[in-house]
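Next up is one chain by itself, shown in structure tokens, the form predicted alone.
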């Protein structure tokens, strides 16, 4: 059984590895704590003739169960830093990416593409709603904001989730690695029709995307 949707972006596999490592570490801790709890319940259960005694505690035990989780958390954070920085740090976004503008609003996605001049913010830009079309194996950087409340751009197959906040311009990126259609959802409760705020990302071969772009999205 697959626990995660199929990975379809350049950094999805590395994020999945981090997920499985964290799941394994926390799973081992969970099982260890529960086994210890059951052991203590059995060993120190009430018995005929046994009286409870006051235990002051152990400084050594306190240090051990404080230091070990701290080391684990810091270790995971350090090991994840390279991938986290690659995905989230705008200074490390690909330089040759296709750039788009995304505006979220109750309850739709507005995606703006550069027109024939190849630049955003000019008169030949065009906008499509609830469908983002991108080329395969090419990075896509998008500038995102919200027209009303906080939304969240979420494409499970790409392992990307980025909040859209009113008054802020946030930047995010992905590089799709497989042609196809992928679910685009809002992952932040944004109003009564939150569940209907759905879209899709259509990944096309480069030549098909260029043809679609030349036709201004027709």
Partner chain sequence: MATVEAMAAPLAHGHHEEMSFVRKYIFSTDHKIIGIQFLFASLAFLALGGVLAIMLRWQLGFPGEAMPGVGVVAPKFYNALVTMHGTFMVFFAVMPLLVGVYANYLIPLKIGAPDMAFPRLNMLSFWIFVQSGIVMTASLFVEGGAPGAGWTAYAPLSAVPQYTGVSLGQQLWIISIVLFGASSLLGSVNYITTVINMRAPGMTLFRMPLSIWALFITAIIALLAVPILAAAVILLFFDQTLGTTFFLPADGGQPLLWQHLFWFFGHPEVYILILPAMGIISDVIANGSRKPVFGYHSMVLAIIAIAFLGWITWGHHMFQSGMNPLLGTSFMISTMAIAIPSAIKVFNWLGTMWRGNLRFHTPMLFAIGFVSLFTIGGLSGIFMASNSVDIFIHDTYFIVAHIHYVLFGGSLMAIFAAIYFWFPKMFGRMMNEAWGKIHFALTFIFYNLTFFPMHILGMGGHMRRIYDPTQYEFLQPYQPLNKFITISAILLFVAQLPLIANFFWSLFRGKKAEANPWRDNGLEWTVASPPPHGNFAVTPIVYRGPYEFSSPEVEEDYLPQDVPLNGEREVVGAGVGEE
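Numbering follows the first chain given and starts at 1. Keep in mind the model is a prediction, meaning the values are calculated, not measured. Rigid core (definition): largest C-alpha set, two forms, superposition within 1.5 Å.
Quick note: we don't show the form predicted in complex with the partner chain, though the next part is all about it.
- Although the partner is absent here, residue 148 lies within 4.5 Å of the partner chain in the model of the complex, judged by heavy atoms.
- Proximity of residue 179 to the partner chain in the model of the complex: non-hydrogen atoms within 4.5 Å are absent; the residue sits far from the partner.
- The partner chain in the model of the complex comes within 4.5 Å of a heavy atom belonging to residue 77.
- Interface residue remark: residue 111 is not counted as part of the site for the partner chain in the model of the complex, having no heavy atom within 4.5 Å.
- With contact defined as any non-hydrogen atom lying within 4.5 angstroms of the partner chain in the model of the complex, the contacting residues in 22-41 are 22, 23, 26, 29, 30, 33, 34, 36, 37, 40, 41, given in sequence order.
- With the core held fixed between this form and the one not shown, residue 48 has its Cα displaced by under 2 Å.
- In the core-superposed comparison between this form and the one not shown, residue 58 has its Cα shifted by at least 2 Å.
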